[in-house]
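First, one chain by itself in structure tokens, the form predicted on its own.
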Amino acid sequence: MPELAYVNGEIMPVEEAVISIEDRGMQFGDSLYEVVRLYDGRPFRMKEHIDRMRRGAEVIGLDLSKAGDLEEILDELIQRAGLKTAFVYLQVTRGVTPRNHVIPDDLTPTVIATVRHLEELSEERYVRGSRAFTRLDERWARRDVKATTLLPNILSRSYAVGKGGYDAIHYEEDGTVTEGSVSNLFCVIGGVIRTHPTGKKILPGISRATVLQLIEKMQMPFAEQAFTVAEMMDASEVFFADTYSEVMPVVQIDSQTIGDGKPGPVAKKLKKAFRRVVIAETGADL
């Protein structure tokens, strides 16, 4: 099946897709994006992803009313591609205009989307757990907006993956942990699952929300409470939540072993429960 792209009303092979060099998304990173995972050809929680893009658009003053029905656009692209295990990438930029820092009035947004094959993580990765590496958080102050200005994230994740890890863990100068470069982070500290509260410092992840719903349903001890690097290093469990891995246990951070060095019971239970939600909502044969 082909990997396809959508650009402003036209569907084509990915390699044929182009945008203007004067697009503000390319020149300024003046754009938003979402990534939706397909399970057996069916999107998981697409509405939640589109809703988050709408919230981000309100924050930066990007008029999505001119972008068309984003869910219909993605549905058509998914159907045309016919891929089973894939990612859908959606990006909406402010539009095309001669380069100027001041945002012009009445721009028409550029809508870009792709459907591409996904290589799933091996089961062994979950069985043995992953490594992570801490990085000072140097990203912009509105991390709750899923903007395409991702250079600090790219540098952090490249550093972590280059050292054999799954993701980087960002922390602020006072030692407070925020989140990963592509994921939200959870720790089990004193028997309580903790994660950084929502606000401007973290992205309200769709997978994060799914994990929180599962925690509540399973009546696990929980607190939306920030923690420090020192507390994280002493945690009995640490795990990421993101679209790609769903729930990924972390068994080593920098040179520190987490817990007993093996994926813990909380992460294992949540991973299994997350997959049950995916099957129930998409009907995928997994």
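None of the values given here were measured: they were computed from a predicted structure. The first residue of the sequence shown is number 1, and the count goes up from there.
One more form of this protein should be noted, the form predicted together with a small molecule, which is absent from this view; the next part is about it.
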Seminar exercise, completed: The one option of R135, K146, R125, K84 with any heavy atom within 4.5 Å of the small molecule in the predicted bound form is K146
For this session: Select from the listed residues L203, V92, A160, C187 the one whose heavy atoms reach within 4.5 Å of the small molecule in the predicted bound form.
Result: L203
Problem set entry | the small molecule in the predicted bound form: contacting segment from 117-125, 205-213, 75-83, 93-101, heavy atom within 4.5 Å | 205-213
Exercise. If you check in the predicted bound form, is F28 within 4.5 Å of the small molecule, heavy atoms only?
Worked result: no
Exercise. Wondering, does S181 line up within 4.5 Å of the small molecule in the predicted bound form on heavy atoms?
Worked result: yes
Exercise. Contact between Y244 and the small molecule in the predicted bound form at 4.5 Å, heavy atoms?
Worked result: yes
For this session: Decide whether Y39 counts as a contact residue for the small molecule in the predicted bound form under a heavy atom distance cut-off of 4.5 Å.
Result: no
Problem set entry | the small molecule in the predicted bound form: contacted by all of R194, K272 and R275, heavy atom 4.5 Å | no
